[in-house]
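To begin, one chain is listed below as structure tokens, in the form predicted alone.
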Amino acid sequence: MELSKLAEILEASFFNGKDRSDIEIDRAGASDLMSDILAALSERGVLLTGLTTIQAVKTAVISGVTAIVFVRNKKPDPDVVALAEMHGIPLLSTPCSMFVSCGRLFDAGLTGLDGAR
């Protein structure tokens, strides 16, 4: 699905990368432990997290995650947004919890980062 559709499903707003809202996403991973994301490398994936630090962006870069969605209306600092822009990673925020976000994306047909459904 396109990132714009994912944003609609999650009622999410963009911090950056709205110009890339047509990129395709087909996998999702949710964790506040970045080591869990690193263990399941994924391109065309989205990371759902409550962690709004630079570490989340660095993890996305290393793992190949395409976009990051911060749950529970979390907002990153400007330096986090700047790093994500530098690496071309869109950042979004949803008012939904991590649990609800995962459920909505699963219902919409996304798989886990490992491809499991």
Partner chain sequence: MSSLKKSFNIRSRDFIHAGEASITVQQLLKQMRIDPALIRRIAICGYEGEMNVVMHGGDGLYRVEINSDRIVLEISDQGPGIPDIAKAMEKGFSTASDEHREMGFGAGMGLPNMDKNADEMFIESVPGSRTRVRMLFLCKGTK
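All values reported here derive from a predicted model rather than from experimental measurement. Residue numbers count along the first chain shown, from 1.
Not on display, but discussed next: the form predicted in complex with the partner chain.
> Although the partner isn't part of this model, could you tell me whether residue 72 comes within 4.5 Å of the partner chain in the predicted bound form, counting any heavy atom of the residue?
Judged by the heavy-atom cut-off of 4.5 Å, residue 72 is well away from the partner chain in the predicted bound form.
> Test of understanding: in the predicted bound form, would residue 81 fall inside 4.5 Å of the partner chain by heavy atoms?
Flag for residue 81 set to no.
> Find out whether any non-hydrogen atom of residue 58 is located within 4.5 angstroms of the partner chain in the predicted bound form, and reply yes or no.
Yes, residue 58 sits close enough to the partner chain in the predicted bound form that at least one of its heavy atoms falls within 4.5 Å.
> Would you please decide whether residue 30 lies within 4.5 angstroms of the partner chain in the predicted bound form, comparing each non-hydrogen atom pair?
Although the partner chain is absent here, residue 30 would stay clear of it in the predicted bound form, with no heavy atoms inside 4.5 Å.
> Within 4.5 Å of the partner chain in the predicted bound form, which residues of 73-97 have a heavy atom? Give them in sequence order, or say none.
The stretch touches the partner through 87 alone.
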